[in-house]
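In what follows, one protein chain appears twice in different forms, each by itself as structure tokens: structure 1 and structure 2.
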Structure 1
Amino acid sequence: MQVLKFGGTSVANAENINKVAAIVKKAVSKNKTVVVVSALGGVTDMLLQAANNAARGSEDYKQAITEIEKRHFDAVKSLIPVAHQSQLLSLVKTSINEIEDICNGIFLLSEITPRTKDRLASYGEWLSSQIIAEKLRFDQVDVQWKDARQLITTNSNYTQAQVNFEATQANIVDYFNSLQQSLCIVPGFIASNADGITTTIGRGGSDYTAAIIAAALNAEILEIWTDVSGMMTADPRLAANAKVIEKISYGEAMELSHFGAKVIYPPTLQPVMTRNIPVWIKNTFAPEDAGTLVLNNERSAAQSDGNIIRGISSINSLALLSLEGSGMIGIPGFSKRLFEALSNEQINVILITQSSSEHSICVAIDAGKADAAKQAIDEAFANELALQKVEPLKVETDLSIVALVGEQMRSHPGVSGKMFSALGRNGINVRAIAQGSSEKNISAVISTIDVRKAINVLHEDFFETTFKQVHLFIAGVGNVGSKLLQQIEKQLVSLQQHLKIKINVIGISNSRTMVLNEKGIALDNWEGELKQGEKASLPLFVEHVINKNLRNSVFVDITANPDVAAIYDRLLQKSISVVACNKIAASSDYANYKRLKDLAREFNCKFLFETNVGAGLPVIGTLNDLVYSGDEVLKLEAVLSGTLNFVFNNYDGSRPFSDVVRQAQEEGYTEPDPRLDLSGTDVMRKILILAREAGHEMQMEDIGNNGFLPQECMEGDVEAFYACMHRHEAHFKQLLDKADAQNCKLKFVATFNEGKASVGLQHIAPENDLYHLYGKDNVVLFYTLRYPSQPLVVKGAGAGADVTASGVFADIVRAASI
């Protein structure tokens, strides 16, 4: 004997019922079968809504009844040959007339009772089962229809009737022992009390009906046919990479069902669990899919796929109630009175947590019951409130529960640590925690706005061993930004293969337009997408980054814009890592620099700015390694401007100094405003950043600058700057001649020594380490306790779009690896 149950979506219309008929005929050919069916999809809701409208005095209920009639008529006319429709259509019409009479009565009385609700709701399953049975008869299947009200006996707790299992068992066994047919169709959800009055066994009760029958008959298997291919590791609407669970234990399935996985109705498993009857969840619309097999714990564990966690689920629309007070400590009875007050209001407690100090108790309930709960608890503790032994009840809303479920967690330490670490890295605050002694479930209360992110973060950590998804937002796509996007596109496959990282560029903005796409921007057509984007707005771009609340988000600033640098703190406080090519933030007021570093630590993200000094050279990384390993920087000597090194390496007096500077700008070595380079301001920022990273509290004004530009050249715009340099060519030629006379080269050098920093043009002799520095190269000499006389040297190209982009790319990978 086998029992098959088909849900509302499986029997929603004639097309779907034909699919069900095909599955049933195949099943009957192998074994004697009981089929339990739900109402046509949505009909039960329509019936109850019609009742509610009638009770409110609204005649809209008539329209709902008309729609219900049409849906059933359409099904009959599509499934049954015309010559044989009349009897079934007459049965449907009689039922519709009864529904209308009941609703008319409700309308006249302006009230509806639970008993009337059950009577009205029962028509959905009653009609669908009659239609399906008749369809199978015309398909030459030996079928018998049986009213579940004659099989399942309950008490009179209407809408949530409790089953009398002893009487029900006897009814089912007696009936099926005498049944001659190979197939029996039974309506789900409905039952009757001892007086034969219609009752229902709760929403989702068709699953329960099937389980009750399967248990009574000790069936070989219970198949639950629905619109998905089994239970999944997470809600596929929230986690795109959710997978079907091949096998799962009864306990795990019940936990997942309780915590929002609506594939199966939670009480379903109770009757079959006691009989060790496997439950197979299958997809009506993809019957060849393997589905999920629910087994007892031992059989499930023996055939485990190796995953400690079986699934991740959630419950939304929760409120957290917190009862606190010093008067609770050591006084018995507070918990009893709290739960008693909730019980009296028929309020179900979903999660409980209590501090070991007994100073507070937190419970999570349905948010819709929060006001009633507060009133009941305040009344129960009125005396303690008056005496200030307890504080007024705190009610927090807009909360959800995210739960990890798995039988094997009890034997694997570190699961909860991994869970909370993953949530913390992504800025998801946990408001309350609960874990039973069975260690089958770890639940965390979080903000509802974080549910999607939390589900994806946890699913990625526990199930997606293939790669980690990183969401990238890029501000600034000029020379460096465009090279970065090219490099990312080229390395996408390699990153997934070797580092298990998948980079998804979600947002791109320049000064004119921006494009935002949560599914990802095509890197082979990002320029086209950006041209078609909306008008650029930094506030809107940042709001998008924050409001999308995507896991593993990284914001990349490849601008020189102070407004962009000013929003880093907002991003870091949302656990969004910041990669900055822009030097403004790291060289701003020391208090701001330190605050940004502290925010990154506090909110478990990264603030990285390797390219602030030396483009793609590992200057800051090397300095950090020295300091973190306990070394101390005694002195720094460096040529930190690729622009100035290029200029002085190429200026030989044969052409104007201004022409060489313009060449540097055209080749992409200078800042957008080359005066920042030639004035020494950019180098001052760089040595300031290095001094700070070495552990020194310094400000920009603490750095000396021995400049070489005539002051008047700093006035006006960029073109005026070039014109002024051209007029002062004799000045620049004189600087070159003095250096040549001493057999020296001109280098713009930054130094840090004994807590003091300065920058300026120097004559560098051939024996100096800075002499042999060509093209646009940079060099940094680290004199430390470990390298006191022979410095640690970092040397290489310190300017250029390609190398700078590679440095930004490296920081993105570092940020993604936390």
Structure 2
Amino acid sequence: MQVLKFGGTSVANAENINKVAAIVKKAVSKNKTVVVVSALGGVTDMLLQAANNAARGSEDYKQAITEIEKRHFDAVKSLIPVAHQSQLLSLVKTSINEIEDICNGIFLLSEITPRTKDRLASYGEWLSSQIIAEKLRFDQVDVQWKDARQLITTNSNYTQAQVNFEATQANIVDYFNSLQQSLCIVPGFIASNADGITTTIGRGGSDYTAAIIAAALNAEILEIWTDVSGMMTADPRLAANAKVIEKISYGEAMELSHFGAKVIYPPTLQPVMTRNIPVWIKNTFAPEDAGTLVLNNERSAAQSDGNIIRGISSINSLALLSLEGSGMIGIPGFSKRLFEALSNEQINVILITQSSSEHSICVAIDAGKADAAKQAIDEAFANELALQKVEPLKVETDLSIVALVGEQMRSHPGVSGKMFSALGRNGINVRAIAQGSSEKNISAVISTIDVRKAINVLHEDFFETTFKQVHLFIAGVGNVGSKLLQQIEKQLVSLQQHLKIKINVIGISNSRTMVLNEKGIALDNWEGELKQGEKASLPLFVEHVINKNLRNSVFVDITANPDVAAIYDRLLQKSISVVACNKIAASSDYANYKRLKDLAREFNCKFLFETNVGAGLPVIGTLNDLVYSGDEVLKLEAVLSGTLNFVFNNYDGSRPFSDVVRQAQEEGYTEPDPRLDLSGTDVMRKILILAREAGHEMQMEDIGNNGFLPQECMEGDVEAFYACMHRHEAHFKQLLDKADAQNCKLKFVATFNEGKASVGLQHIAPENDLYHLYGKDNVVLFYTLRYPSQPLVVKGAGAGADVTASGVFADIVRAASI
């Protein structure tokens, strides 16, 4: 004997029912079979929705009934030859009329009882099972239909009726002993009480019907045919990387289903486990897939795949109740009274934690019952409340549980540590924790808005064969941004292979438009997507970055915009790492710079800005490494402006100074406003950032600037600036001639020495380390305790879109690797 159960999606329409029929025929050819079916997918919801609409006086229920009728008529017409349809069609029509009569009654009375709900909902399974039985009959299968209400006996707890196993067992054994046919079709979900009134055994309960029958008949196997290829490591709707679990123990499968894995209705496994009947979860739409086998501990543990964690699941719509007070310490019976108050109201407790000080006790329940629970508990503790021995019950809602499940957990330390650090790294606040004494499960209560993120973060951390998905938001896609996207596209596969990082660009904005796509923007067509995007708005873009609440989010600022720099603190407080090419934040007021660094530390994310100094050169990284390893910076000497170096290397008096500056701008070496470079402000920012990273509390005003630009050139717009430089050509020529006369080169040098920093134009003689510096190169000489006389030198291209983009990219990878 074998029992096969087909869920709602599997029997949703004629096309799917044909697939079911094929699977059933194959099964029957091998063994005597019971088939339990759900209602056509969505029909139970529609029936209950119709009832609710009718009860609140809305005539929408009529529309729903028409739809239900059509779904069933369509199925019959496609499955049964025309000449034989009439009997089944009239059976459907009679049921539809009854449904309509019941709903009309509810509408007139404006009232709906749980008993009526069960009656109404029962039509779903009743109809689907009749249609499927008839279809098989026409396919020449020797089939018998049997009403589950005559097999499964329950109490009268409508909508969640409890099974009377003794009576049920007897009914089932009696009936099947005398059954001649090799196939019996039974509607799932429905049952009846001792008076023969229809009950149901809980939403999703067809699985349970099948398990009850399988246990009663001591079947060889129970097959649950559904729309996924087995029980998976996480809900596939929440975690795209979820994988099918090949084998799982009853205990683990039960724990996963109790904690939200909808693929099996929680009570299902109990009856089959007692009889050691294997459960095989299979996919109706991919019958060749191996599926998941649920077995007893020894058999499944022996086949263990080496993962400590078997799966991750979640339950939404919870409320957390906290009872606190000094009056609870050391007095027995407090928790008993709390649980009694809840159980008197039929409120199920999903999770319990009590602090070891006994000062507080915390329970999670279904949020829908929170008001009733508060009332019941405050009443139960009215005396203690009046004496201020306990505080009024605290109720928090919009909460969920995420649970890690695995038998192996008990013999492996560190699972909870890993779990909470993964959550913490992503800014997910844990409100309560529980670990079952069986150590098969660790549960954490978190905000519902964080569930998707939490499941994915945990999945990435515990199923290491998968990769870590990094979500990128980029503000500013000019020269550097475009190059960055090009580089990312080229490296995608390699990063995934070598670092197990998968970069997904979710948002891009320039000053005109922005595009957000949670599935990831196509990197070979980002320009097209951006053009089609909505009008750019920084506040909206930031809201999206925060509200999408995606794990491993990194925000990349490739603008020179102070408004963008001003949002870093909000992002960091949400544990979103910031990679800034923009120098404004790191060179802003010291208190702000310090605060951003502290926030990154506090919220477990990164604030990185390597490209603020020397573009792609490893300047800040080198400095950090020196300082972290205990070295001390004594002096820095540096040429930090690619623009100024380019300009002075190319200005030989043969063409005007302003032309050389314009060339630098055209080749992309300057800031958008080249005066920031020419005035030395940009270099001041850079040496300021280096001094700060070396551990000095310094401000922009503390830096001396021995500039070379005539003051009047700083006024007006960029074009006016070029015109002004042109007028002052003689001034620039004179600077050059003076240097030439001493056989020196002009270099704009930044120095940090004995805690003081300055920038300015200097004559550099041929023997100086800074003399041989060509093109747009930068150089930094680090004089430190470990490099006192021969400095550590970092030298190379200090400007240009490609190298800057690669520096930003390296920061992204660093941020992604925490």
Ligand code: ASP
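Each form is matched to the other, and the largest set of C-alpha atoms that superpose within 1.5 Å is called the rigid core. All residue numbers here follow the sequence of structure 1, with the first residue given the number 1. Computed from a prediction, not measured in an experiment: that's the story for all the values here.
By the stated condition, namely the form predicted alone, the first structure is the one that fits. Core-superposed comparison between structure 1 and structure 2: CA of residue 105 displaced by 2 Å or more. After superposition on the rigid core, the Cα of residue 53 moves by 2 Å or more between structure 1 and structure 2. With the core held fixed, residue 170 shows a CA shift of 2 Å or greater between structure 1 and structure 2. Once the core of the two forms is superposed, the Cα of residue 132 has moved 4.2 Å between structure 1 and structure 2.
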